[in-house]
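Two versions of one and the same chain are coming, encoded as structure tokens; call them structure 1 and structure 2.
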Structure 1
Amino acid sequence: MRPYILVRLLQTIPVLIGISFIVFALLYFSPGDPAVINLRAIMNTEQPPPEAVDAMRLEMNLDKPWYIQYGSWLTRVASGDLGYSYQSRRSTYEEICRSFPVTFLLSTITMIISCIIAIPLGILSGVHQNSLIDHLSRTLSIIGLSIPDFFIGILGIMLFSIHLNWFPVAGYNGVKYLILPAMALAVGMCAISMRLMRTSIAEVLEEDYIKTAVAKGLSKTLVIKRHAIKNAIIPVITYMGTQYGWLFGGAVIIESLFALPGLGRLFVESASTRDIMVLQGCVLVFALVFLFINLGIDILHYILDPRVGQGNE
């Protein structure tokens, strides 16, 4: 297992360089002068004065050809310096360290809520197909899938914060501020995971080894617990893993709605202000998050199905 992990880690270096180059190229070809766009946000005016624009262009290296712009960033990163934000003048490292924990907690709570709801419901409706619980959970999942998360968020605030006063409306000051946004995010996610779990377990139940286990006299509950779930959960874990990774950058609408200082907002704001070094830093973090989640999924697969790792030992 260990050399396998090492190889996977080394493989990411070219991937990271490739991604950062694509981001650089996208920004390079997107319309508008990055210096002007940055200054619009800094100076709070649509039309920054030309003197300020000239100074900003110099600072951003925009007077140099593209390969020098990209190359100087790359050498900087290679020496362990992610640069700084043109907007706040803080280092990229500091910006990311500040937003990462919020997003990490938010995504993790979302995944926990989603696991707690989706997996047992999926198993129940897969095992008892066309029963009342199956119909109920499938209806709920369609409703959950059809309502956009920000709308669920607003309804949640109205019900739980304004009427019931259980949670604060928005902002961030500890984990209780994350429960509502996590619930809003979990609804849509639950819906898909639940259906996947249902289909997966229904398929596994048709397998020969399950029939064998039942035929040799094991009780149905035991068969499901010991054999069916273990095999059926693998595609669900893979799916939820990617969802988990997606949440790090993709929860921006919910982060804005609930005014959470997360990574998604940092990413979108730095993209819209052309704060390129912070943007690149965020992209690297997303890539690393996906890498570790994929690694985690692989390890989970190995635990659930020891055949997976054998080829590499």
Structure 2
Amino acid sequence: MRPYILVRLLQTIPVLIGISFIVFALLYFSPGDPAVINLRAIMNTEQPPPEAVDAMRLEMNLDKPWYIQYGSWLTRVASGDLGYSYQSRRSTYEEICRSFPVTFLLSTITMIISCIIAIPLGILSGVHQNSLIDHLSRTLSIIGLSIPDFFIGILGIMLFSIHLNWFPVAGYNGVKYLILPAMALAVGMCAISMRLMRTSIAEVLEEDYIKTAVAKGLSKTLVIKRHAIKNAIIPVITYMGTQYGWLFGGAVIIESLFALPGLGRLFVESASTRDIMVLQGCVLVFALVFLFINLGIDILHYILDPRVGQGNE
């Protein structure tokens, strides 16, 4: 196991370098002069004096070639300095630390809801094909995929917040404020995960080793618990892990709808105001989260099926 994990960790190094270059290019090739944008926020004027622009360009190393700028930026990022917000005048690190916990909790609660609902229903549908539970789960999947998550969020606000008064309408002041947006995000994810789990376990149940185990006298329930679920859940883990990473940057509409101060909303606001340093920090965090989630998925795959890493050992 150790050689496989070591190889996967080493493989992340060139990926991290590539990510850092892409994030730097976001600033370097973006339209507009960062020095002018910065001074507009500082001086509250549309046309900063030319001498002030020249001084700011020197301060931001914009007068140097791109590779020197990249090396300087990479050194600062490696030391934890992500720059500062042109709008709030706070450091990018503070802005991200303020927003990251909200998005992390929202994504985690969404995943928990999805796992609790999708995996058991998918297993039941795959084991009892063409039964009432299978038809019901198929219908729920089609409905879940047909309705956008923001519309589900609006319906949730009208029903659970305004009519029943069970959850807050918007804002953030604790986990209770995340339940409704997490449910809105979980519907579509549940629909796909449920069908994927159903298809996967139906295929595994047709394998020869499953039929052999049943023929030897083992109960079908025991075979499903010990063998079928373990193998069938691997593609579901891949999908849900990828979706977990996507939630960190893809929940923008839901965060805006429920006025949640998360990373997605911070990214949109920084893009609309061209707050480059914060925009860079958000993209870097999204990329790193996705990278390490995929690394965790690969390691989990290896634990469930050691044959995955045989070529690296």
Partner chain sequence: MKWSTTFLFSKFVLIIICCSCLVSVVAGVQTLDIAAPWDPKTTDPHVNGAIAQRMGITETLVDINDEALISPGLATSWEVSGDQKTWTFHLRDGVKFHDGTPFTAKAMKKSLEDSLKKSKTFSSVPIKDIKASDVLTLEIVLDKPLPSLPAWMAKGESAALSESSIDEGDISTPISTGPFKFSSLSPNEKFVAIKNTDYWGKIPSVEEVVYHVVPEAVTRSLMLKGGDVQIAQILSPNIVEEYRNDNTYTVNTKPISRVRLLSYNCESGPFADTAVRQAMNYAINRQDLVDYVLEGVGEPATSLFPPTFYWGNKDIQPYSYNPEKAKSILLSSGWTDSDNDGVLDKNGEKLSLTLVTYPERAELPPMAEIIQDQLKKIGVEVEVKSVDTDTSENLRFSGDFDMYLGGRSLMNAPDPDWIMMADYHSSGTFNRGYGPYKWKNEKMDSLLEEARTLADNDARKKLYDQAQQIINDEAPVSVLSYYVNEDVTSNKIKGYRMHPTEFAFHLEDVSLS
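We call the rigid core the largest set of C-alpha positions that still match within 1.5 Å between the two forms. Counting starts at 1 and follows the sequence of structure 1. These figures come from a predicted structure and were not determined experimentally.
*Which of the two shown structures is the form predicted alone*: Looking at both copies of the chain, structure 2 is the one that matches the description.
* Please check if R265 moves between structure 1 and structure 2, taking a CA shift of 2 Å or more relative to the superposed core as movement. => No, its C-alpha moves less than 2 Å.
Exercise. Taking the rigid core as reference, does the Cα of A55 move 2 Å or more between structure 1 and structure 2?
Worked result: Yes, the C-alpha position differs by at least 2 Å between structure 1 and structure 2.
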